[in-house]
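The chain below stands alone, shown as structure tokens; this is the form predicted alone.
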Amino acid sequence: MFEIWDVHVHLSGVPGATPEERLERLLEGAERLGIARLCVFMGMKWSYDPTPDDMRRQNDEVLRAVKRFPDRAFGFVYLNPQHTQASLDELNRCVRDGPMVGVKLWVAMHCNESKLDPIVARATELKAVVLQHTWYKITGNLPGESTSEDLAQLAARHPNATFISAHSGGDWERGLRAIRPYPNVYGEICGGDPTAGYTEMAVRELGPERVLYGSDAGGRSFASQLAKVLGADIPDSAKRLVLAENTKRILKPILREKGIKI
């Protein structure tokens, strides 16, 4: 048996009238598959370019959910770099003064823009990891949607920050190679179908210490995304790192700061 931590979970796409009910349903599914911890971000109804009020509402929903299950779930604060000061305020409210342990950035702005610099700098001061959505769409990305190359540029400017390339760019053969030169960027394998070779390539290109398991639940199932790791042709020692140990290691500094033992 492997310990499993899921670094990419949402309250959207899950039954339940309240954040607490939705996280309870997620945890029921996680329990059946032996997933010990979930990292949760974004609220019950998303927006591509959230206003400061919408950011706060979505983060409040996540705060409610993780407060109900503090031993099973961690929260990441959802920010919009279009509103830099509001994002810094939310970062301080939810991470410095609250229980959250990471930052979630989605599609409001390309992540290589200079407006992200103060947000990343503050996250680094707080020891919070930064999880950035990355994707290459054959139909064309959303106006502010980042690619792995965008994240590589941001990571080069902030070598002391810790970044997670969510989905490894979707087009993972391209995305993994883009982040390969940057040791402060971790490839995360959630989203998409459980295609053969994905995890094997991630481990080969980045090393097993830089690959993270995530599911993208409730947009994807826990099981389909676990299949990418459990069915991969990699040693059990690598599976152990991907499924939990790498996520535990990058979260350990901020968890220690908050007095959370793991």
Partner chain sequence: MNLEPSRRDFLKTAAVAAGAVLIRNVAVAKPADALIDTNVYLSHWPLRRLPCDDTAKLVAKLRANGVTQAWAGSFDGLLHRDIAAVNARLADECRRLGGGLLVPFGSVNPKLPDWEDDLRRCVEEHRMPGIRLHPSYHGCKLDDPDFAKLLQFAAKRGLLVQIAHIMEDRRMMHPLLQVEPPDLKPLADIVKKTPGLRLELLNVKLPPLDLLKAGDVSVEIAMLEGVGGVGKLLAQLPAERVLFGSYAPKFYFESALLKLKESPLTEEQLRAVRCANAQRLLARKQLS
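Numbering follows the first chain given and starts at 1. What you see is a predicted model; the values in this text were computed from it and never measured.
Absent from the display: the form predicted in complex with the partner chain. The rest refers to it.
Novice: Which one, F74, W106, F163, W172, lies within 4.5 Å of the partner chain in the predicted complex by heavy atoms?
Specialist: Partner contact (heavy atom, 4.5 Å) among the options: W172.
Novice: Which residue, G231, P70, P235, G207, has a heavy atom that falls within 4.5 Å of the partner chain in the predicted complex?
Specialist: By the 4.5 Å criterion, the partner-contacting residue is G231.
Novice: Okay, which stretch from 96 to 104, 80 to 88, 180 to 188, 130 to 138 lines the partner chain in the predicted complex, with non-hydrogen atoms inside 4.5 Å?
Specialist: So the stretch in question is 130 to 138.
Novice: Would you classify I254 as touching the partner chain in the predicted complex, given a 4.5 Å non-hydrogen atom cut-off?
Specialist: Contact check for I254: no, nothing within 4.5 Å of the partner chain in the predicted complex.
Novice: Is there a heavy atom of M44 no more than 4.5 Å from a heavy atom of the partner chain in the predicted complex?
Specialist: No, no contact at 4.5 Å.
Novice: Answer for A227 alone: is it within 4.5 Å of the partner chain in the predicted complex, judged on heavy atom distances?
Specialist: Heavy-atom contact with the partner chain at 4.5 Å: present for A227.
Novice: Test of understanding: in the predicted complex, would E31 fall inside 4.5 Å of the partner chain by heavy atoms?
Specialist: Answer yes; at least one heavy atom of E31 falls within 4.5 Å of the partner chain in the predicted complex.
Novice: Relative to the partner chain in the predicted complex, which residues of 191 to 212 have a heavy atom no more than 4.5 Å away?
Specialist: D193, P194, T195, A196, G197, Y198, T199, E200 sit within 4.5 Å of the partner.
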